[in-house]
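One chain comes next, on its own, written out as structure tokens in the form predicted alone.
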């Protein structure tokens, strides 16, 4: 539900940095029909028209299409080093792909895709409460591994999202208000730099700060992450409240009601406002029973507003998270951040207009999720995530089934974007390709510090991004 955006792992014996020099550019030549080359260390580089190239060059957003020169399928850190050195030798700008869920396709935009999706190592050390994760793990794999052990890494809900990408941009979901963002549980990282060297956050504490919400792929390739976890709640409770055939005026009034209800929720609860055409869904969730006073108060207020509900669903958390894991296969869409808000006052003047465009154009969703809670109480200086003060996050989505519908919806999406033009801050994991100053919007007061680290670690901008730090 929360993290569409559009994320490991076993601590392994890492190859010494000095090995990088021996990898070089020596190839074992395969038959020409294979359309691939194997570096001396075993890394396979795939080129266009090979079956593997086509499989690896498939973004989750099927509306996007890219044609990188080659794709490096990395299985370990040594492969990543070799891929970086190969990109430098061939003068190819790299992009870094784990889950492939970037809304704008940033993980496919380079000349060489450094694909770390096979690096799925994972191990949990109960005594130290430490979860070691490789960058290729997806959220569903994280939940499937940790929850049976009674542990939880607070994260998003979309099972296909890569853990590494989600973490580097922040990472919020059902449990963030109670336990903080995913990046708040990040304790250390390993990274291959633009020179093909391995550095750790123990050597560079500033790197850990930057990897906690400072965005994806700016400094190098993350090859391993270490997290703390929390005790998994035994149950997860949800209830949906719906209203149909809405007018824009009525939808805007319900938005105001929802903001009031959401502002009174305890940290153990999450809520979302989802307007999909003429249908409104307001969700509340809790890590406790629906019999609690806060849950009952919220439910009563939403029912009093005229909504309908099919009742409460309470399941073991290990099963409940699968309910919101999302579609596993690619589909065409346009998703983007609709801005951070302090409350209804930030959208009061445009709420009815936003609702009108959404209602008049089936296929468009306007969604607002609750933040705040533990997210807001963590020290701002502990991470690069710059938007802890906000209590709400908006998201604009569009889904279509034909080119004609796409053209109509894109026009309406742009109309809503213009209404939101004065909203200054946006979420890096929900990138908008048309933002005029994306780095400022995504990273706020952390931007200058991130730029300083970029200059130190990648002065030549080898890891150039579609929406970088400049």
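On a predicted model such as this, the values are computed, not experimentally measured, just so you know. Numbering follows the first chain given and starts at 1.
Below, we turn to the form predicted together with a small molecule, even though it does not appear here.
- In summary, the region of this chain contacting the small molecule in the predicted complex, judged by heavy atoms within 4.5 Å and restricted to 62 to 70, 428 to 436, 42 to 50, 412 to 420, corresponds to 428 to 436.
- Contact check for residue 196: no non-hydrogen atom falls within 4.5 Å of the small molecule in the predicted complex.
- The closest heavy atom approach of residue 133 to the small molecule in the predicted complex falls outside 4.5 Å.
- Remark: residue 216 counts among the residues lining the small molecule in the predicted complex, judged by a heavy atom distance of 4.5 Å or less.
- Under a 4.5 angstroms non-hydrogen atom cutoff, the small molecule in the predicted complex lacks residue 177 among its neighbouring residues.
- Residue 222 is the only one of 82, 375, 222, 282 with a heavy atom lying within 4.5 Å of the small molecule in the predicted complex.
- This chain lacks the partner; the member of 275, 96, 262, 189 within 4.5 angstroms of the small molecule in the predicted complex by a non-hydrogen atom is 96.
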